[in-house]
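Just one chain is shown here, as structure tokens, and it is the form predicted on its own.
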């Protein structure tokens, strides 16, 4: 599947960094974070928003939400979002990593926010759901900038909220360009990551919007309504070349992360419901997949079945040395050394929140949910996370999140020693907003991050 390529260590015209190592060496510590804020599924009658969080320790407003971009409608369920451009757009002269593309997973509405003023971004335009439905798609999820200044969005369902899902492509004017895939290539869809130097994209599987949006039901799993496969695509031809069946140990494969080196053919995916992490890599022109971490379930007095770990998010440090993840139900943030991608070694973990977390409060704030979406600084020294998964799922597993709102927390990471230390002085409380408690989800940095940047 790998293809020959030209060496890409060259002067860049477009956005981003020449290499992942350049991102580590040339970036400055994050000054602000853009964080999804949610009122969908709460008792607060207000639209979802993008929160601008001050992360400058020398600022008078450190750890505060200093600005909010409110969406024009209620009930979008903003979920994952991405940039209009990244390091893979390096050949596009004049392009800037300036616009956030922010879908509403529940509404199907796609918002574009201009961050030219980093601390005071503004809503630029909105693509309405009807425009998306014309391509027989709904449930927008992962947003990735792709080469040539365009944007690709994975979609979990068709226009009716059923299967199959697919992909939607936007042009650099934020107009729908086309449906990227031919309908029928896949059934389930969720996350994706591409590695253009090897002409490959990987996509994973969640479920149809009509299945997951009302909440989690084990009967849906037993009925085969949740995904358990990985798809490896020919990036150029936009066709699936290989599908890998993960079986019972790979139920609901979610985040797909190639290593950042554009030369690498290794990556990882978290099978949330099976509480496993899989390693994938190319060998002899085929992708191999092997389980490398198996988190054990735990007995809890309030549950009539063992509580699974539910690893809901993973990310790879920019130097490709560590894999970080969050076990939402059990309340654990973990890091594994992946210097040898096939032989993982647990480096450290923090037990916090969740059903088994040792640390139950920070700065006097009780933690009412486990760790969920992660983001790591480009230099690998600060790990942040939020606590909301999806509004209806929060209500089932951590119902107090609806009443108390989410928090954003931080750990200081020592990549040389492979350790993490909870910053007990850091807390962003989304439960203390003027309109009422809000949930918090994905996090992005203005200069790119470990879950959105791709290199040619």
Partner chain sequence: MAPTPTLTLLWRDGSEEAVRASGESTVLEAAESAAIGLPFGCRTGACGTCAGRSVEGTVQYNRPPRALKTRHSEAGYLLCCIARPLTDCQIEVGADVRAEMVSNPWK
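Residue numbers count along the first chain shown, from 1. As the structure is a computational prediction, the values presented were derived from the model and not from experiment.
Keep in mind that the form predicted together with the partner chain is not shown, yet the notes after this line are about it.
Point to revise | Residue contact check: residue 116 to the partner chain in the predicted bound form, 4.5 Å heavy atom | key: Residue 116: no, not in contact with the partner chain in the predicted bound form.
Review point. Residue 182: heavy atom within 4.5 Å of the partner chain in the predicted bound form?
Key: Heavy-atom contact with the partner chain at 4.5 Å: absent for residue 182.
Point to revise | Contact label in the predicted bound form: residue 392 to the partner chain, heavy atom within 4.5 Å | key: Yes.
Point to revise | 4.5 angstroms heavy atom contact with the partner chain in the predicted bound form for residue 273 | key: Residue-level check for residue 273: yes, a contact with the partner chain.
Point to revise | Contacting member of 291, 74, 178, 360, with respect to the partner chain in the predicted bound form [4.5 Å, heavy atom] | key: The residue in contact is 74.
Review point. Which of these residues, 101, 90, 329, 315, gets a heavy atom within 4.5 Å of the partner chain in the predicted bound form?
Key: Comparing distances to the partner chain in the predicted bound form, the residue within 4.5 Å is 329.
Exercise for review: Considering the partner chain in the predicted bound form, find the one stretch among 218-226, 117-125, 315-323, 239-247 with heavy atoms no farther than 4.5 Å from it.
Suggested key: Partner-contacting stretch among the options: 218-226.
Check your understanding: Does any residue in 386-407 get within 4.5 Å of the partner chain in the predicted bound form, counting heavy atoms only, and if so which ones?
Key -> 392, 395, 396, 397, 402 sit within 4.5 Å of the partner.
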